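First, one chain by itself: the form predicted alone, in structure tokens.
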């Protein structure tokens, strides 16, 4: 995965945000320059990589957002946009006018949504999300970050049914930042959170929604029955933590937001994406050298030794190691 930050600006203040510290480091209101958009397309094409994710902050705040999406599509890339779906009327009009004929198989919006009970609406955000999904629903799927083990998904299933969205719900564990200042799911609450997720099995089945798991879920906390229904519904659970590769507006690159201070470098120091990935894979190996996983029994785990499970996310391991030192 390659994530290109179009801007450091955002429209929300999510309690679990693992990008907040990095956003604060950036120049206020910084946007990715057009010449760097072209450089990145050339760099990825040279590397044989044709998939790109546009993130932020809120990527739709970039004044040339629609043009950037169209440019990557014209260069034969598959484009995923990670957005809150909270757009201004002007930007929503541009999405409808210029991206309304984009191929559904090459453009996807992942709308990261929050539970309206846990994070009440401000400034009409829910209404604006509804307007976006009404226009871009057939390109859209929902994403939800779990930072409590008593979460609800009912609102997400309602949105999927109401707007006839893509039948995939992307689920992530909210990971800690380097200082652990954000709200995140503690290691000892991962098991209860997975049990909570299994409680929504009937809703996944009713709407034929595939649960898609992001990194950080440990295999050992899923029962065989849990794994069975995840796969049967079309989910492809992966329990490996790999470098995501985040590229900032000023062309810095790091493994992911929670590990933004580990191995950070200029993209211009690398000749290909393969070199970037190798650099951060080595950094992940270094992080895990002192602690193979988030649980004490990870060291002797057969699934980890066979490469089926990473033993949790590298950022979780980093925070645990720092807390122990």
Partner chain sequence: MTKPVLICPDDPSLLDRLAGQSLGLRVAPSADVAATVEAVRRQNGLFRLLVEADEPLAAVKPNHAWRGLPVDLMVPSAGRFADLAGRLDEVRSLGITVCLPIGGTGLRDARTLASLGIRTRLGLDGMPDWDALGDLMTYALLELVAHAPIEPFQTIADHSRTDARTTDWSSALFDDPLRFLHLSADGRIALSRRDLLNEEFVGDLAMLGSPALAEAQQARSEAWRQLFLDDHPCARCPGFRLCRGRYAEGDAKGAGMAEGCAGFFTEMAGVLEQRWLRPEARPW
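Please read these numbers as outputs of a predicted model, since none were measured by experiment. Numbering follows the first chain given and starts at 1.
The discussion below concerns the form predicted in complex with the partner chain, not included here.
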{"item": "Contact at 35, 66 and 71 by the partner chain in the model of the complex, all three, heavy atom at most 4.5 Å", "value": "yes"}
{"item": "Heavy atom of residue 157 within 4.5 Å of the partner chain in the model of the complex", "value": "no"}
{"item": "Contact of residue 43 with the partner chain in the model of the complex (heavy atom, 4.5 Å)", "value": "yes"}
{"item": "Residue contact check: residue 98 to the partner chain in the model of the complex, 4.5 Å heavy atom", "value": "yes"}
{"item": "Partner contact for residue 246 in the model of the complex: the partner chain, 4.5 angstroms, heavy atom", "value": "no"}
{"item": "Contact stretch among 274 to 282, 45 to 53, 290 to 298, 258 to 266 - heavy atom within 4.5 Å of the partner chain in the model of the complex", "value": "45 to 53"}
{"item": "Of 75, 131, 167, 106, the one that lies within 4.5 Å of the partner chain in the model of the complex (heavy atoms)", "value": "75"}
{"item": "Partner contacts in the model of the complex for 78 to 94 (non-hydrogen atom within 4.5 angstroms of the partner chain)", "value": "94"}
